[in-house]
Ligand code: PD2
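Single chain ahead, written as structure tokens, the form predicted on its own.
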Amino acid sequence: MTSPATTGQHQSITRELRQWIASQTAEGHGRDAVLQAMLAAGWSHQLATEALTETPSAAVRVPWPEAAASSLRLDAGDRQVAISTVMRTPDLLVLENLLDADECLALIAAARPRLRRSLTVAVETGGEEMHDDRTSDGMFFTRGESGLVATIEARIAKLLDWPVENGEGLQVLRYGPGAEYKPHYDYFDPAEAGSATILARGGQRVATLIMYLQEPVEGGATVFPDLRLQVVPRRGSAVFFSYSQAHPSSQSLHGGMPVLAGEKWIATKWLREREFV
């Protein structure tokens, strides 16, 4: 990667700087890497992040099963998965029978003893923190932790044509009555101070797969406010969506509506640009 020339003590966002940012992202450098190059060259953090936000970047490659455009079913290796909804702006799929009932129950049983109050990413530090917007209980399986987890991860990798090693560990969440997750984005904002630490582990998040392990009696839909879309949670089904840019223009704003009765259990898989370590 080349280094962007500074403009001396009085730095400003110039046409040349925008062209340099666009050329670096077009060559495949992630926005976090571009930010670090600017900081190393002497640009202030505030101006560098403003320039990145203002400069359209080349979209990164994201997971997407090409057969989704023409097929009613997708090959997931050990099974065929039905498609009930396809959207391309943004890329979104609703999938049926991704998991069978026994797999859903087994994941719940394995996760239940390890549940703790769910945390969110602390954007200022790159760590985790408790937040009122998220009121579920959750836990993480390490990648390949058990035969069941490894089977599901291999199925996802085949389905979405994305390497197993580019996935974060499988997260299981329980939403009891009244629990919700208010609308949010899953990508990491490059402008936040803590993002560099997070992105160093595998680059940007580029896609999310939410699998429904248990449907509540009432409520609990996954909502996409920008799309005016609600996905009803049904055991074994899933919703997949990708976001090629870490920006609201990705239309990937989503949330879990409050559970009104019963319990909702989900398993979430986040996919990164490169190997997650």
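The model shown is predicted, which means the values in this text are computed figures rather than measured ones. All residue numbers refer to positions in the sequence shown, first residue = 1.
Another form exists, predicted together with the named molecule; not displayed. Remarks below refer to it.
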item	value
In the predicted complex, segment of 65 to 73, 42 to 50, 248 to 256, 29 to 37 with a heavy atom within 4.5 Å of the named molecule	248 to 256
Partner contact for I266 in the predicted complex: the named molecule, 4.5 angstroms, heavy atom	yes
In the predicted complex, W270 touching the named molecule (heavy atom, 4.5 Å)	yes
4.5 angstroms heavy atom contact with the named molecule in the predicted complex for L229	no
Heavy atom of W162 within 4.5 Å of the named molecule in the predicted complex	no
Among the candidates S237, S244, T222, Q214, the residue which, in the predicted complex, approaches the named molecule to within 4.5 Å (heavy atoms)	T222
Proximity to the named molecule in the predicted complex, single hit among D186, D137, D91, E168 (heavy atom within 4.5 Å)	D186
